[in-house]
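Only one chain is given next, in structure tokens, and it is the form predicted alone.
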Amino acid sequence: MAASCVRTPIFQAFLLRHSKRVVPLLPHIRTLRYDVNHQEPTIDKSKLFGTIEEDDIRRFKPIKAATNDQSTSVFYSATLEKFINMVMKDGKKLAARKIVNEMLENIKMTQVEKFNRCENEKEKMEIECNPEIIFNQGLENIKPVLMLTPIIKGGVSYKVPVACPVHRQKFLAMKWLVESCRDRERKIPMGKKLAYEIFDAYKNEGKCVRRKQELLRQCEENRAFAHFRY
């Protein structure tokens, strides 16, 4: 009777839950849907409608399915999709997408009002009304060229200035932008705060640009440790 009780799945689940032994998990390679031979999907429309060369690797290797946040639409922007993920909190992506859309709308309305107030054609030509171009230029002005990385030599940790990778530059720029907006007063909607910060960064001003300059100043102070990066 006791032996049959041990074999029941309910009793085994009880032992597994209350036992202190570590249950080995499956390796990550078994949970992958695609192996290393699968290629990333092509999102660019110019490449989709173009002819495929005879030696193109897409002729010989399978291609992964596109994720639900990737699209071939003319309105799709990988940078904006990444920024939506940075703004998102607690998995509320629809709320984050709404905030980013409000930011773009505020930028567009502000620039159109400036455009309509201009009396001279030359001044109108100098005003940029595309919010995506303003957003991308603002991010470019925030991106740091150098960063500090800790390196241990002789038991001592040094902050060594190194070149900042491209993906790290984009991540730091978006992170500083979101953090500076969350530090502002809560009465202002998040979309407006993001628009204000983007306008400041577009003019090479604001808190994010000062943060980048502070990081570059620290890298300049620690340039004596630059040889430790090798």
Partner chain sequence: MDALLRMQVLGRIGNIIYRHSQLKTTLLSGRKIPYLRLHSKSFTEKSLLRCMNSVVNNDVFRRTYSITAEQNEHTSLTFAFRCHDNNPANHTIDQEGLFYTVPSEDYKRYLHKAINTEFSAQVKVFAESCIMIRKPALEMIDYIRNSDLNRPVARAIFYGHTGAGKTMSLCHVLHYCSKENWLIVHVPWPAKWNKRNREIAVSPFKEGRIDLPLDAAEWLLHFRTQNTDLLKELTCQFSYTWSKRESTESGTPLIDIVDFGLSRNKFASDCVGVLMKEVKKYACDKRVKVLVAIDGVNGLYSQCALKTEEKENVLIENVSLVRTFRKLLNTDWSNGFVVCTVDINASHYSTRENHTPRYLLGKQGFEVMDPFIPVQVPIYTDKEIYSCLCYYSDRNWIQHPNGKTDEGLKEIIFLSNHNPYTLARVCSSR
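Numbering follows the first chain given and starts at 1. Model, not experiment: these values are computed from the prediction.
In what follows, reference is made to the form predicted together with its partner chain, a form of this protein that is not presented.
**Message:** Since only the chain is shown here, I'm wondering whether residue 140 would be in contact with its partner chain in the predicted bound form (any heavy atom pair within 4.5 Å).
**Reply:** Looking in the predicted bound form, residue contacts with its partner chain do not include residue 140, since no heavy atom lies within 4.5 Å.
**Asked** Could you tell me if residue 115 has a non-hydrogen atom within 4.5 Å of its partner chain in the predicted bound form?
**Response** Residue 115: contacts its partner chain in the predicted bound form.
**Message:** My question is simply whether residue 175 lines the interface with its partner chain in the predicted bound form - judged by any non-hydrogen atom within 4.5 Å.
**Reply:** Contact with its partner chain, no.
**Prompt:** Do residue 151 and its partner chain share at least one heavy atom pair within 4.5 Å in the predicted bound form?
**Reply:** Contact check for residue 151: no, nothing within 4.5 Å of its partner chain in the predicted bound form.
**Item:** The single option of 108, 159, 82, 93 touching its partner chain in the predicted bound form, heavy atom within 4.5 Å
**Value:** The residue in contact is 108.
**Asked** Candidate spot 78, 87 and 136, all three in 4.5 Å heavy atom range of its partner chain in the predicted bound form?
**Response** Looking in the predicted bound form, the three residues 78, 87 and 136 all stay beyond 4.5 Å of its partner chain (heavy atoms).
**Asked** What residues of 127 to 142, in sequence order, lie within 4.5 Å of its partner chain in the predicted bound form by heavy atom?
**Response** Sequence-ordered list: 129, 130, 131, 132.
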